[in-house]
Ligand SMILES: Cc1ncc(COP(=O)(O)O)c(C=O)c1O
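This document starts with one chain, in the form predicted alone, laid out as structure tokens.
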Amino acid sequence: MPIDVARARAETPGCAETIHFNCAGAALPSSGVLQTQLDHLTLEARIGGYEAFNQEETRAEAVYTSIATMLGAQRSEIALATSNSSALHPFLYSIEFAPGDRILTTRTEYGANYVAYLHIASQTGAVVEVVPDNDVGEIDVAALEAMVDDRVKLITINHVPTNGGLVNPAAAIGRVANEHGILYLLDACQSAGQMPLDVAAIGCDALTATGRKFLRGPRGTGFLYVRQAVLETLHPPMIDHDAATWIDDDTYELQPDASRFESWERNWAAMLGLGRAVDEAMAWGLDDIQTRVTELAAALRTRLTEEVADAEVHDLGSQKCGIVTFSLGGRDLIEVNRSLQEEEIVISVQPMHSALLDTVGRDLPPLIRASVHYFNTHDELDALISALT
């Protein structure tokens, strides 16, 4: 059913303070997510951190269940993390690469991920190769399949890039990976919370996400999904006594589930807030969220093209999402951003290094990124267009 925008805004305190178009950076949390964190912090202050966790252990366990439900996964396949990168790296560095092994990725890959691939290549002799785009800017699935041989160890892509609104064909890539028995890692940090994610339908072996973006959760939260059959073959590069059981003087045993990728210490107030954010996203309905977000973003692209004389929209893809990127002729975007902030309109300016291959490959100018969510309104689009003109 359609999103009740008035209720969503009433439940989002920040909507009264600002026009927020930076949900791809950090979205506004709901009052429920905020209160969940405050309640736990208050409890910790009253009775102590360990004691607060012991009292709320059932709710803490429910965070895993909520994430698993959202992804169509098993609870045992979920690990909690402090960010997308801290979720992705333990999985990535668990893979035993050898000289000549190939890592296939996309031209729109995030800088944080790509430098990790380069680091692995420098340490192991593996090679990083970029799959070409198709004519609408998505990763070319036919080209990917043509590149597959017995040296391909990993296919790793972003579902949605950081610098544009396209949605990569994750399920089609999964079919290629599964047919050839290749590990498949999907970075869903920009798709989680703005569209449905079903790991079985996608066919990925691992998926990572952060809480702070479209899920509307706290900063300092994230999660990792690893398919059970795969995680049993991986030994994380670093472990502690939460990831493994100490058996005797010289023996330990890794946890049989995804907790082998976790560290013991974590901010449980934030993690409980993440669980609340996931529950709220599912309560709103991720199909309905996607419909609302896609409609708002499409309206913004049209209005930028038709009403702002020097605006050029740079989003690619046959399917587009809630991220809108555009340039403004030769204008100083840092100054534009500052001026918009004075009118309490929040956007972001994309640095070149966030998606270097795509920026250089398309010879992109500096970009503004406006990322909408279901709590935004057409009146707020009016305000942005008015400010830009």
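Please read these numbers as outputs of a predicted model, since none were measured by experiment. So that there is no doubt, residue numbering starts at 1 and follows the sequence shown.
Beyond what is shown, the protein has a form predicted in complex with the named molecule; the following relates to that form.
- Only one of S263, Q290, S94, S83 lies close to the named molecule in the model of the complex, with a heavy atom inside 4.5 Å, and it is S83.
- Note on the partner interface in the model of the complex: the residue among S259, N113, N168, T294 having a heavy atom within 4.5 angstroms of the named molecule is N113.
- Every residue of the trio T162, C189 and K213 has some heavy atom no more than 4.5 Å from the named molecule in the model of the complex.
- Heavy atoms within 4.5 Å of the named molecule in the model of the complex are found in one stretch of 142-150, 189-197, 273-281, 175-183, which is 189-197.
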